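Okay, so we've got the same protein chain twice, two forms, each given alone as structure tokens, structure 1 and structure 2.
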Structure 1
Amino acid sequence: MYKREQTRPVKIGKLTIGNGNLVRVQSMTQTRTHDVAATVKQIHELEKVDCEIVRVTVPDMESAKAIKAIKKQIKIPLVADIHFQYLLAIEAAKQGVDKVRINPGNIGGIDRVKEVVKACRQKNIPIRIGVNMGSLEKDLYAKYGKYGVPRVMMESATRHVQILESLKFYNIVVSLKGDNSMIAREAYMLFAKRFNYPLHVGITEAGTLWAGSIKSAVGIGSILSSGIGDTIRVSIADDPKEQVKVGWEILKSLGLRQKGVEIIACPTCGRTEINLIGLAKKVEEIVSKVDAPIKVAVMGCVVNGPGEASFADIGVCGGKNQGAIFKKGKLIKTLKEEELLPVFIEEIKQVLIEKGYGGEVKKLKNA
């Protein structure tokens, strides 16, 4: 049913993206990169929320030269973000960066590109070409017009790719970002039809935390659900940890990654006889530290609840002053409302043990 576009494998440090490998969540620091202590501190925070690849801006030589010191203190692959200045890319490669983001068409000619390619080839690191809807070549824009923006983005990416291919360099990742989800999706789809380089997916300038999270979920989600995407970055104007959390949630909601407990909860209606929202929030809090990928349902009525949440490993549903616990769609216990939560926690423990996550039991908070 769901088919991911077949892309070629590309190594970024110890990770391989593309070729059906896991879709990876990445983010970017907001520190001055040459401030090694601050940058490492932020990367450590990102590692704690399971950021898997991290990018730093490299706007000057001081930042490029800081890469070795940063690399030594972090666990996840590091990417250098470079605009125009090819010498910074070469220095970043020398310093041991795991990937370079630079657009070969923008750095001042093929001789410079050759030098960058040589440095990346020596270190066996990939180059990400990053096309952005907001900075496209004027000639392409003139050719396809404002309704042809996805085509312009694809052609722009093609130009950059072909420069690298002319040097027999194929260790490439590509992004085609925009702040408009429909346009970005179309651009990614056009590119994926033509090339099999792994794709870095994102919606740029998504906005502030709440609106930006929704916009990113819509945009990145619709691209991923079309089978496209090997790594994602959520660009919301907030703490990068939030970007990582939203990224994971997008992947989880599509079943592309598993991480922690998934809570299924019905939206309640006038049939609901218990405080369902309160119960769902309590359950969410209780399992919030559990890393095992189990599905827990909190449903409002015994009639539809167990059936509609039959995909859940364990579930609870409310009735009149009472509730029931169900497992894989089958009712196993009926209880008074006040007994519901403690018994439910015991059942979650049981599920964790049965599924081989016994070590996670201690992470459950008692209600």
Structure 2
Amino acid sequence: MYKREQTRPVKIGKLTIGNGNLVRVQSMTQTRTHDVAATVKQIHELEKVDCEIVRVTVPDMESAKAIKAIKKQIKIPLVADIHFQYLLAIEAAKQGVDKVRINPGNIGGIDRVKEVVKACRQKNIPIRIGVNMGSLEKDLYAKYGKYGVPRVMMESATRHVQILESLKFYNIVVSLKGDNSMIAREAYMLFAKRFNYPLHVGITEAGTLWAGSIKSAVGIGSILSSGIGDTIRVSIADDPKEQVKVGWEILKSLGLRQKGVEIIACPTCGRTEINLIGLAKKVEEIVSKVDAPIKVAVMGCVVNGPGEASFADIGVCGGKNQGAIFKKGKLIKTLKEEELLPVFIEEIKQVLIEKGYGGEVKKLKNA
């Protein structure tokens, strides 16, 4: 088990990752970075769903020079994603970017790397080394073959790290992403055994919203549950806001971060005698904007309902055309099915107030 507190601390803007700090959720814009208005608009949308770090692509000098204007209008740290062109990294640093994603081994000779390191060192900007199983060095691939991809990824990352270390630059973050969850996990494990740099975790090109969310949950979750990972990005082919939402759900499910209300609901079966799925969806929608660490249970019958509700702050359990409301496992009310939702929401309000989150009550939709 490799604990997050073993990694080095790295500062990205106002945030510090590694060294036991919170695992942060990040995403990437889909706009043309030189279009400042469109890029800022999308970042603001990401901020609303609690994205904590955002990356933009920097394919040209116009995009690099846009960073200063973007930075002035956003609150979260900004990362520049750069490939091959070292001058873009230098310009991004001049413009005040908070982190640079670049692989030292693919931007030319050591003199070019030195210039990038110099620019980053002056501004205390970390460099993220981003290894991707889709673009590995041919000599390493030839050495280990297709069955040795995790080793190839680890050695590729090692090469890039050693270039920076040779220049006495240690302000480093590393990622070893692959579209295969188990290959990526093994690569991260191998790297974590050798280095203590903070790790950015993701399953790249995971797929569409539904399939990609599942693959990301399995891959990122398995890596994080091994004690590895300091930031995460869910790479699904959808609106980047969805990437952030899935990322938060992964952290919540592992108990690493609590964001919003946690709802547990049974899948229903032949014993269910109320519209449990409809009730659960309505409750989820009503509390969707509330940011308070409470657990709400919506259960279908008496087999597991009361027991599950005992682990929740507030719960409802269905019966024959009726339901019971439990508070910390204790029965407090029994109501007709049509009365359940409004009364249950009132009880959720009381729980929020009792726990010191009264200010969140106004965020209940239609409350």
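None of these values were measured; they are calculated from a predicted model. Just so we're on the same page, rigid core means the largest C-alpha set that superposes within 1.5 Å between forms. Throughout, residue numbering runs from 1 along the sequence of structure 1.
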{"item": "Between structure 1 and structure 2, the form predicted alone", "value": "2"}
{"item": "Hinge of the chain between the two structures, where one rigid part gives way to the other, from 259, 108, 96, 313", "value": "259"}
{"item": "Interdomain rotation angle between the two structures - two rigid parts, degrees", "value": "10"}
{"item": "Shift in Å of the residue 330 Cα between the two structures [rigid core superposition]", "value": "4.1"}
